[in-house]
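Next comes just one chain, in structure tokens: the form predicted on its own.
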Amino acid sequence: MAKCIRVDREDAEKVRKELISIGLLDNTYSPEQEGKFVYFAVKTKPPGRVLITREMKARQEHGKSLGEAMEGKLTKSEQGELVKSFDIVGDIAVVDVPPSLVGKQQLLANAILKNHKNVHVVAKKVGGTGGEFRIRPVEVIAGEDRTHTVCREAGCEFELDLNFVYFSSRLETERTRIAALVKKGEHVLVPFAGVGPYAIRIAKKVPSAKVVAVELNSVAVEFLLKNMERNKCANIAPVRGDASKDLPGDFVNWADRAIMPHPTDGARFLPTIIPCIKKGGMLHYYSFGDAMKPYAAAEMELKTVAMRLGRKVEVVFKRVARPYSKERVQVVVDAKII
């Protein structure tokens, strides 16, 4: 008997990635599909999930966690240094390799390729997220020599290159949440649109919506255009521009909803984005906050800038979108702009 969670079949891939990212997927057992549900064995109860017990088929070596796969290949000290969780973007696994394990990175990468058959490239982070376009550089250490991939999410496909654009697979849950809020015929503004994850998810789910996607990175705009065609989204107007300079422009009081997925220095862009929002429209504002008081800074930024512009803010929802470090979290605050 194994400890399991049951999820809807259409959510299975998203949940599997989440379980891997937080180190709770029990790869001793194979996932099992039964009707419209998929069952995953877990090590302990994931947050917000109901734990059940059922018979599960034991799996072979394929599918072991990274920690399990590296047993006997690392010293006890090295096991303590090993970062067991990693992101999978398309078919690329993106890993953290501590300086103490650089000499073992090939073993680590080969273990990932062996145990995750959907992964064809292993790349390590070689710097933090930074620069004007918030790119996190990576270096291929195993598998095919490329950083170009296609990420599939909720029936959409996003072509991208990790060394030229920003993309976070960990915000899939947020993209699903926001897309579900958009109503028929809404005008939706997405500054910092990147390769289109928010814009395309919304445009495809609500074909009657009109979406304006603003992005400064020319490479990201090229991928956005490809992804619009790939996903057959004719209701997106792509704009190559700087949200701090080119807005509001023609979009004063245009948007029923605006999404700001740029969590760094977001307050700098609020003075040009808030004027785009109609009275009573919604703003989804992403920011970083202190783990102990996650929303304080974001709420203060929103209220301060809105007051300066003669507008008011009514916070209607807030949540921690993802942990970032022990001290910081990424949050989202949904606010009605009055």
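Counting begins at 1, following the sequence as shown. Since we're looking at a predicted model, the values are computed, not measured.
Only in words, not in the display: the form predicted together with a small molecule, which the text now covers.
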{"property": "Options 96-104, 137-145, 194-202, 112-120; stretch whose heavy atom lies within 4.5 Å of the small molecule in the predicted bound form", "result": "194-202"}
{"property": "4.5 angstroms heavy atom contact with the small molecule in the predicted bound form for Pro261", "result": "yes"}
{"property": "4.5 angstroms heavy atom contact with the small molecule in the predicted bound form for Glu229", "result": "no"}
{"property": "Any non-hydrogen atom of Phe86 within 4.5 angstroms of the small molecule in the predicted bound form", "result": "no"}
{"property": "Partner contact for Asn217 in the predicted bound form: the small molecule, 4.5 angstroms, heavy atom", "result": "yes"}
{"property": "Partner-contacting position among Leu108, Ala243, Ile92, Leu162 - heavy atom within 4.5 Å of the small molecule in the predicted bound form", "result": "Ala243"}
